[in-house]
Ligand SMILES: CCC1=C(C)/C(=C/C2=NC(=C\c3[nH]c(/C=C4\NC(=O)[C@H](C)[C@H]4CC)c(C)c3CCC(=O)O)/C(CCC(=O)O)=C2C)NC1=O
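Presented below, as structure tokens, is a lone chain in the form predicted on its own.
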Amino acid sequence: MRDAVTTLIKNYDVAGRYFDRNAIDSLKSYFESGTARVQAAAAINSNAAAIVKQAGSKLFEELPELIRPGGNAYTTRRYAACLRDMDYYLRYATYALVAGNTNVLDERVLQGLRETYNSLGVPIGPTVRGVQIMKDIVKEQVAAAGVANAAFVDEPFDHITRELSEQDV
């Protein structure tokens, strides 16, 4: 897993260049947001189960056909698997949020996910909607924790939804 710093260094090293003004500004921004990133991760960590539960409830309220007979979250086993997956997305989004880099999402979550979901008959649309709902809840939690400028919270969740949405399903 790479973070914002190691990724920046790698890119400049491959090009054989010294850091320019853009690189320095990028590093400065990352370090200035470090405390807020850790506070956001702490807020997510202390509320993770509630975030997933609330997001699941809202998702099934919006898309009740998922929990009806024949729906993809119908049966206790499938319902639990859906919440488990939402928990995975939340956990890895938190890692990416702290790292300031979405690389971990590509390596550990998104690579092969579409193929797995397609083989299991899991619809991508509701998955994307569930991640969007979690993002909104997380933003509320982070704001409640006193993090003033939490624009960085969007990045990992938006990356997940964008990567899933852009897939040819």
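In this text, all values refer to a predicted model and were calculated from it rather than measured experimentally. Don't overthink the numbering: it's just position in the shown sequence, from 1.
Keep in mind the form predicted together with this ligand is missing from the figure; the text below concerns it.
J.: Does the 4.5 Å heavy atom contact test between Tyr117 and this ligand in the predicted bound form come out positive?
T.: Answer yes; at least one heavy atom of Tyr117 falls within 4.5 Å of this ligand in the predicted bound form.
J.: So, in the predicted bound form, is Val122 in contact with this ligand at a 4.5 angstroms heavy atom limit?
T.: Residue-level check for Val122: yes, a contact with this ligand.
J.: Using a 4.5 Å heavy atom cut-off, state whether Cys82 contacts this ligand in the predicted bound form.
T.: Heavy-atom contact with this ligand at 4.5 Å: present for Cys82.
J.: Does Lys58 reach this ligand in the predicted bound form if we count a contact as any heavy atom within 4.5 Å?
T.: The answer is no: Lys58 has no heavy atom within 4.5 Å of this ligand.
J.: Using a 4.5 Å cut on heavy atoms, which of Leu113, Ala36, Ile137, Ala43 is close to this ligand in the predicted bound form?
T.: Selected residue: Leu113.
J.: Within 4.5 Å of this ligand in the predicted bound form, counting heavy atoms only, one of 28 to 36, 126 to 134, 140 to 148, 43 to 51 shows up; tell me which.
T.: Careful reading of the contacts points to 126 to 134.
J.: Listed by sequence position, which residues of 72 to 87 have a non-hydrogen atom within 4.5 angstroms of this ligand in the predicted bound form?
T.: Result: Asn72, Ala73, Arg77, Arg78, Ala81, Cys82, Arg84, Asp85, Met86.
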